[in-house]
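Below, in structure tokens: the form predicted alone, a single chain.
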Amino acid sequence: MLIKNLVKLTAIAATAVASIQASAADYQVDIKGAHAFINFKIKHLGYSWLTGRFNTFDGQFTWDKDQPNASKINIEIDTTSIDSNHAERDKHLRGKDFLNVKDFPKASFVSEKIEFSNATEGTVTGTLTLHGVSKAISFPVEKLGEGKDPWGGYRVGFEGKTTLKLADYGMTYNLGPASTHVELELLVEGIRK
């Protein structure tokens, strides 16, 4: 009797796990269609904003609207692709004063926990590796929408924003007291695999 009950419990647990795994889907960030962006902005002398983006990156995530807290995301950024719409400034940003792309050509973010408080708003916690420094960060994320696309696929999109202290990542070049932090914006549209 005990063995029969154990077998039944094991079968029920296996079915539940299979059901959970079956309902979650993997998504590829839509970089081919240019429907994803990693943007940044930093104050210039406290008088205005300097804005830019990373042109080359890739990533995947797992999403299930019925179990959003089981989601995962990982993004890899080519730091050499930084683009502030000014060639000389970009050369400086790629150099040793900032990103030092020769030694650190990649940055990455890997989630460790995602918690949604409702159907669209949540918090992502994970490890950001930038300029050879890995730190745990948390930031708010918003689900923008999901559904079928005109080409027979299925998509979901998210937006996340965070602020980083440059010195925390070993970038200590003096830009003035108004420019110690950079704001990052991640706009991700994924295509279900």
Partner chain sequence: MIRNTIESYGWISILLHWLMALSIFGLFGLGLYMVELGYYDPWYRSSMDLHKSIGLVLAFVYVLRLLWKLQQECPEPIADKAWQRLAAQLTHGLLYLVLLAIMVSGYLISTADGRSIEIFALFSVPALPFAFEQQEDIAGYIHWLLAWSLMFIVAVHALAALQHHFLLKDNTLKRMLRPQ
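Computed from a prediction, not measured in an experiment: that's the story for all the values here. Positions refer to the first chain, counted from 1.
Not pictured, yet referred to below: the form predicted in complex with the partner chain.
Novice: Tell me whether L45, A87 and H92, taken together, all sit within 4.5 Å of the partner chain in the model of the complex, counting heavy atoms only.
Specialist: Yes: L45, A87 and H92 each sit within 4.5 Å of the partner chain in the model of the complex.
Novice: Could you spot which one of T120, S111, T80, S108 gets a heavy atom to within 4.5 Å of the partner chain in the model of the complex?
Specialist: Here the answer is residue option T80.
Novice: With the partner chain left out here, work out from 37-45, 136-144, 120-128, 157-165 which stretch has heavy atoms within 4.5 Å of it in the model of the complex.
Specialist: It is the stretch 37-45.
Novice: Residue-level question: is L175 within 4.5 Å of the partner chain in the model of the complex, judged on heavy atoms?
Specialist: The answer is yes: L175 has a heavy atom within 4.5 Å of the partner chain.
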